[in-house]
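Read the single chain below, which is given as structure tokens and is the form predicted alone.
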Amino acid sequence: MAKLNWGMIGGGEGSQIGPAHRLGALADGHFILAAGALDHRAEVGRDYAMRLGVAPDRAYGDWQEMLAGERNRADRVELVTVATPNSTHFEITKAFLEAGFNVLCEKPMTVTVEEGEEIVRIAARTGKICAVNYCYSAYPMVRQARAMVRAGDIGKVRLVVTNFSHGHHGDAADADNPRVRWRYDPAMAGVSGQFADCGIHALHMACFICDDEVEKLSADFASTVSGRVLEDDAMVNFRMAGGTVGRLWTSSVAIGRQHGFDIQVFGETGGFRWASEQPNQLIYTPVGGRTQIIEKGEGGLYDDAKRLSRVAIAHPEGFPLAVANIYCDLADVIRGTERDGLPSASSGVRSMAAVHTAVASAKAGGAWMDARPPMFR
């Protein structure tokens, strides 16, 4: 099967997320990096793209140049990844969708709900894929958890508790580090700090596994390090459309926690727990029964968990291959095979609506508010 041409915007040399995308996109042989505008410094971006094997005429200085150069090529890229600063996501994603390209956008998809709704409409109108990189949902054992919920293995879900809390911004002496400071500056990060950065991963995971959507929420935000305008700690209670009760904690000042992303789901007949630091295992307890460890790669897993596992049981695959699973699903959809686990533009706008609602709720003393985007009410 011929490889698909892939292009990347942002994610240049030294970036945090760029290597994960390149490892993920190339891992299974579905894509080849054919074009790129990898850095806001044109010559730096061109040089790095060529060192990665991109032809000189497809190593672009900026995204506008890439759009102009690719749109009329017979061998143009079939997927564009947007891994630029948050405030640029909307403009770039919109332009490439309207030009007929499929897009994978880093989260958050946009910084406003109105922009997010526009992206949903453009994707529907053009018939092009607009996916959002909620890559944690592509771990095999997360797909197993979702399949178990769908199959009724734990009965109707009553409660979901999710955390994405680390301590890497807890040192006040490091608060002026540029790599840290921007996350709490409204001029650069938008209306929310930690919740928009990490909390929406946890919220998306709750929706993904429970196969449901957040309907309303109540939030409490705190800025615990002096000088920070935006929150570095948040507690969000929520209710899902199907009646599930949700609890979410996200923090960047929880010193001692490393990655700190985990989720527990409790149903009428059982419950389970998954943690990103032990991604190969799903801890499952049936009501009245013994706690069991379900391992990636073992027999009896649901199809999606089996499909997205590459190596034998007890061998970890890790974060880059979770990203690779997103690209596997994208390749399948581009080639005509449906995959319902791919996070879509609808997921992106629901996340942004939740962020803005949480900000408003926190300012209103935790008042319960409708968390749905207007287009889905």
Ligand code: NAI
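We number the residues from 1 along the sequence you see. Given the structure is predicted, the values throughout are model-derived calculations rather than measurements.
Missing here is the form predicted in complex with the ligand; even so, the following discussion is about that form.
Asker: To test your reading of this chain, name the stretch in 139-147, 94-102, 286-294, 175-183 whose heavy atoms come within 4.5 Å of the ligand in the predicted complex.
Answerer: Of the options, only 175-183 has residues within 4.5 Å of the partner.
Asker: Indicate whether Gly24 is a 4.5 Å heavy atom neighbour of the ligand in the predicted complex.
Answerer: Answer no; every heavy atom of Gly24 is more than 4.5 Å from the ligand in the predicted complex.
Asker: Is Gly152 close enough to the ligand in the predicted complex to count, meaning some heavy atom within 4.5 Å?
Answerer: Flag for Gly152 set to no.
Asker: Please tell me whether any heavy atom belonging to Thr84 falls inside 4.5 Å of a heavy atom of the ligand, as the geometry stands in the predicted complex.
Answerer: So Thr84 counts as contacting the ligand.
Asker: Given that the ligand is not shown alongside this chain, does Arg339 nevertheless sit within 4.5 Å of it in the predicted complex, heavy atom to heavy atom?
Answerer: Judged by the heavy-atom cut-off of 4.5 Å, Arg339 is well away from the ligand in the predicted complex.
Asker: Exactly one of Arg76, Lys107, Arg228, His166 has a non-hydrogen atom within 4.5 Å of the ligand in the predicted complex; which residue is it?
Answerer: It is Lys107 that has a heavy atom within 4.5 Å of the partner.
Asker: Using a 4.5 Å cut on heavy atoms, which of Ala202, Ala131, Cys135, Val214 is close to the ligand in the predicted complex?
Answerer: Of the candidates Ala202, Ala131, Cys135, Val214, Cys135 is the one lying within 4.5 Å of the ligand in the predicted complex.
Asker: Taking Gly10, Ile17 and Asp39 as the candidate spot, are all three within 4.5 angstroms of the ligand in the predicted complex by heavy atoms?
Answerer: Answer is yes for this spot.
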